[in-house]
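In structure tokens, the next block holds one chain alone, the form predicted on its own.
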């Protein structure tokens, strides 16, 4: 186990694991999060190129019930990341072990289901600040401790994390060079998952929900260039169940002339088998902008 200290000598990062992979290193670290007031883990892949120069940073946001482990062990992205020289960071999906009443009662709210919002309601608002964590605190930590170029950053994700990636990019024009998503929750104010999470974290005033809804955000997006790639499995049960609502997002993008490539993939479901199939396309998409 390796400890990394900041300038002030305070322990910032604890290395949990390190494995060689495609000539680079897949690592997991733990740190004390200020935004979330708890210990958090994240996975980070350092390509061989990172030994000699600063590389672009690509952030992955996972879906409901996931930890930092799902993506790094199932998606098979490391070979493409190694070839394109990208550092890829995969945080957890929520605060952990905060002893909040009700946080472990359901799989789609609380633990493993932070929805990448900053909660405004008790008892969630102290810890459930995943939006600020992934857009501010985590990038600061990564920039300070790893060989990344802070000016070259992109974001992608799956399902709840696809929603997270889209809103992070749309709420911060120019911050991310590119964005992509697998089966994202595109219009959470209208789907059961989103209604449950947003009413719990953000309260009953639905006008406040729109600030974290990609379909609403794109309608007021100021139009700095953003190239969006979305893959969606046609046999995805959650698409059929009305949880993802990509058509609403595509319509809003078309109306605003925001470029989006939407690929409906015949026969694929919502799983990591689907993600693993198309992950190289997504990394190539980001590398085009990050290595430009």
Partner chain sequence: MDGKAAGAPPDFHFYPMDLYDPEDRLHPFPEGATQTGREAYAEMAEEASEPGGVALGKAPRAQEEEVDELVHLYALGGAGEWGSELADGSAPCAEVPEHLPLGAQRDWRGEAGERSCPGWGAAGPGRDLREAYGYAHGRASEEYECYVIPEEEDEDEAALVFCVTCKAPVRALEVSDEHGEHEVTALDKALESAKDEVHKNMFKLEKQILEMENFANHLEEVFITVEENFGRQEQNFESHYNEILETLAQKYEEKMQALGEKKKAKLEALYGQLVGCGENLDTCKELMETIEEMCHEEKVDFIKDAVAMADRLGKFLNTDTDVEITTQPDFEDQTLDFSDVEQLMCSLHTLPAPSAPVINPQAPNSATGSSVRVCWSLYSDDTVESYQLSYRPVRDSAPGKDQAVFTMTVKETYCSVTNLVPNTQYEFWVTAQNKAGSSPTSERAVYMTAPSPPIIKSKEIQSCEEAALICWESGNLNPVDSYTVELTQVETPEASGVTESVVGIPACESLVQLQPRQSYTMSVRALNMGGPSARSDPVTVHTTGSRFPLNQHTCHPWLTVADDGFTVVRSEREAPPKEPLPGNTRFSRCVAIMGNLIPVRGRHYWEVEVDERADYTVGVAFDDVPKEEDLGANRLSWCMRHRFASSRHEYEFLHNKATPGIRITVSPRKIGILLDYENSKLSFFNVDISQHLYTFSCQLHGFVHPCFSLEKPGRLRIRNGIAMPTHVTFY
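Positions refer to the first chain, counted from 1. Keep in mind it's a predicted model, so treat the numbers as computed, not measured.
What follows is about the form predicted in complex with its partner chain, which we do not show.
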item: Residues 171, 196 and 199 all lining its partner chain in the predicted bound form, heavy atom within 4.5 Å; value: no
item: Region of this chain that lies against its partner chain in the predicted bound form, out of 236 to 244, 38 to 46, 57 to 65, 254 to 262 [heavy atom, 4.5 Å]; value: 254 to 262
item: Contact test in the predicted bound form: residue 250 vs its partner chain, heavy atoms, 4.5 Å; value: yes
item: Distance check, residue 52 to its partner chain in the predicted bound form, heavy atom within 4.5 Å; value: no
item: Close approach of residue 30 to its partner chain in the predicted bound form, 4.5 Å, heavy atom; value: no
item: Interface membership of residue 284, its partner chain in the predicted bound form, 4.5 Å heavy atom rule; value: yes
